[in-house]
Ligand SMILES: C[S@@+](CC[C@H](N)C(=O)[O-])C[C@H]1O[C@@H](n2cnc3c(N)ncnc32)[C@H](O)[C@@H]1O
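Given next, in structure tokens, is a single chain: the form predicted on its own.
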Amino acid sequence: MSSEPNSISPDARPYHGLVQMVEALHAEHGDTHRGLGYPRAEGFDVRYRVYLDVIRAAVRGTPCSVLDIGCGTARLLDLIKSLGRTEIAYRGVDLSPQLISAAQEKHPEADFVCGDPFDLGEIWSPQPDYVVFGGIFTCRLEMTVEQMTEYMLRLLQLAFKNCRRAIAFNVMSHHVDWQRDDLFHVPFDRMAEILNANFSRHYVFRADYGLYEYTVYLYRSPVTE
């Protein structure tokens, strides 16, 4: 299954501003938590383990493919390799040539694609089992909540239509000491409304890893293991 290139004009893509922010941080701080837009080192790596847990324990070890959208410097692939998860076929996609170059330098044998997922029909062939959006929907900068919600919905719909098993993504929690205006805080009830109305009832909220965010696993069919 593949997607058709999207007809959205560049002027209607306010999320591209996020790329400039991350590229500036990466240029200053390199392949570190600060260079990827996270202010604290504590808990930085644990979120990648949480993303990977979308692959349920009962099917671990079975060959599968992961499409990492917004892959940055491929920290998820770093984890996959460190765990010896040779059954996972990985492909990374990012809007930033700078970050793709850094990822390719670390992993010259890996499959990376630079561009906007709305324009890249080829990334859905072969059809990935899992799609991961790590940190894509946490910061909205000058986008309104409505713009960010619409962007998230369109990108999730694209991935859900084109994946075989599940997608994983994170947003900022609504249950925090204080909220930042440039971040995307989504209440659990609001997220459940979005998922039920547009996708399915087969989802999990993960808020057990000590950060002011949560990760959603959205499955195409009921999980029975």
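In case it trips you up, residue 1 is the first one in the sequence shown, and so on. Small disclaimer: the values here were computed from a predicted structure and weren't measured.
Keep in mind that the form predicted in complex with the ligand is missing from the display, and what follows is about it.
For the options Leu79, Ala102, Ala110, Leu95, the residue carrying a heavy atom within 4.5 angstroms of the ligand in the predicted complex is Leu95. For the candidate set Ala192, Cys64, Leu36, Leu52, a heavy atom within 4.5 Å of the ligand in the predicted complex is found for exactly one residue, namely Leu36. Proximity of Arg75 to the ligand in the predicted complex falls within the 4.5 Å heavy atom cutoff. Contact check for Gly134: a non-hydrogen atom falls within 4.5 Å of the ligand in the predicted complex. Remark: Val186 does not count among the residues lining the ligand in the predicted complex, judged by a heavy atom distance of 4.5 Å or less.
Heavy atoms of Tyr151 reach within 4.5 Å of the ligand in the predicted complex, making it an interface residue.
Contacts of stretch 161-200 with the ligand in the predicted complex, defined by any heavy atom lying within 4.5 Å, are made by none of its residues.
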